[in-house]
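The chain below stands alone, shown as structure tokens; this is the form predicted on its own.
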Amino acid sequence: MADPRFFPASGPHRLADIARAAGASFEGDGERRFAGVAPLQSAGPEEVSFLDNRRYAEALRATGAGAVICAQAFAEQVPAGCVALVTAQPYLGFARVAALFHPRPAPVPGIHPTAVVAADAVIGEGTEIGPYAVVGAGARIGAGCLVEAQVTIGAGVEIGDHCRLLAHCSVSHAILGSHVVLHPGARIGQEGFGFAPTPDGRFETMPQLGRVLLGDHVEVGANSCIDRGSQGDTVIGPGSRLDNLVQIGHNVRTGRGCIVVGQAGISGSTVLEDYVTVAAQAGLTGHLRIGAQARIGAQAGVMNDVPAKTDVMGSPSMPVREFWRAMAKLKKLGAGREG
């Protein structure tokens, strides 16, 4: 089970309530109680586990779990005494059950004595402002938010309801929607990387006069950076997720539900349409348009626009089939030289 020092638990919960949370059907006693969640290999009779990958079918058949969330195809492989909670989306179902047993702690309303809050800042009802946090002049923070230790919120920033700003993150020149999460060390709204060379070989900074707009339910990973726009705004669309150590340049715009994985970088003024995925360590040059539902492979170097629903890999990037054909030819070429 999860370490209670770090993950306070609720429960025990009835099987019927667990099934409802998972969106699953079951056969058996709905009043049966369960104490928590655990992996297939270590779960006990009072714990719920899940299976969403057939490679773990053997672990399913040997599990000691009291209930397993799984697809219909695996229901008959659940051991005797274990309840099959059948759903078309086992991973999503398990995520909701895990959240049932381990809900996020609610904010503790109030302002810590060491926090520095401007006199004209507006703090919503039920919001917690933690130790040594700083809230600048004219900032507005919505209801039910959590602002952890040493967070810095700049002057004029607006933050929607039920947001979570975790330790040491900073926000300036930005407007955040509701249910936004900024993980530790995230940097939002800092000056973008813009400068003009002078005739004598120096660089003069181009004023960065835009903002950052984060849509509802955006999450930004630890130590990720989103630069504010230079003349317009940098926009991260609703429901988008940025992993840790992601760099978003000035004036980048993403649509809804985009995913950018760790150490990826997106250069200025590039547009990602809805539901684009950018895998780890990929790099996108500036002023590109990536079509809706396109997928950029890990470590890809993208230098041209990508059409919608297209998968690309490699550096320079190319459609996936072309990439694998090229790799096959390189292997044959290498084998020929060795011979």
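Don't overthink the numbering: it's just position in the shown sequence, from 1. It should be emphasised that the depicted structure is a prediction, and the values quoted were computed from it without experimental measurement.
Absent from the display: the form predicted together with a further copy of the same chain. The rest refers to it.
Taking the partner from the other structure, a further copy of the same chain in the model of the complex has no heavy atom within 4.5 Å of any heavy atom of Gln72. In the model of the complex, a further copy of the same chain sits within 4.5 Å of a heavy atom belonging to Ala196.
Contact annotation for His102: at least one heavy atom lies within 4.5 Å of a further copy of the same chain in the model of the complex. The closest non-hydrogen atom of Val260 lies within 4.5 Å of a further copy of the same chain in the model of the complex. The candidate spot formed by Leu92, Thr205 and Ser315 is fully in contact with a further copy of the same chain in the model of the complex: every one of the three has a heavy atom within 4.5 Å. Residue in contact with a further copy of the same chain in the model of the complex (any heavy atom within 4.5 Å), chosen from Val108, Val122, Ala143, Val116: Val116. A heavy atom within 4.5 Å of a further copy of the same chain in the model of the complex is found for one listed residue only; from Gly126, Gly210, Gly255, Gly177, this is Gly210.
In sequence order, Val37, Ala38, Pro39, Phe50, Arg55, Tyr56 are the residues of 26-62 having a heavy atom within 4.5 Å of a further copy of the same chain in the model of the complex; the partner itself is omitted from this view.
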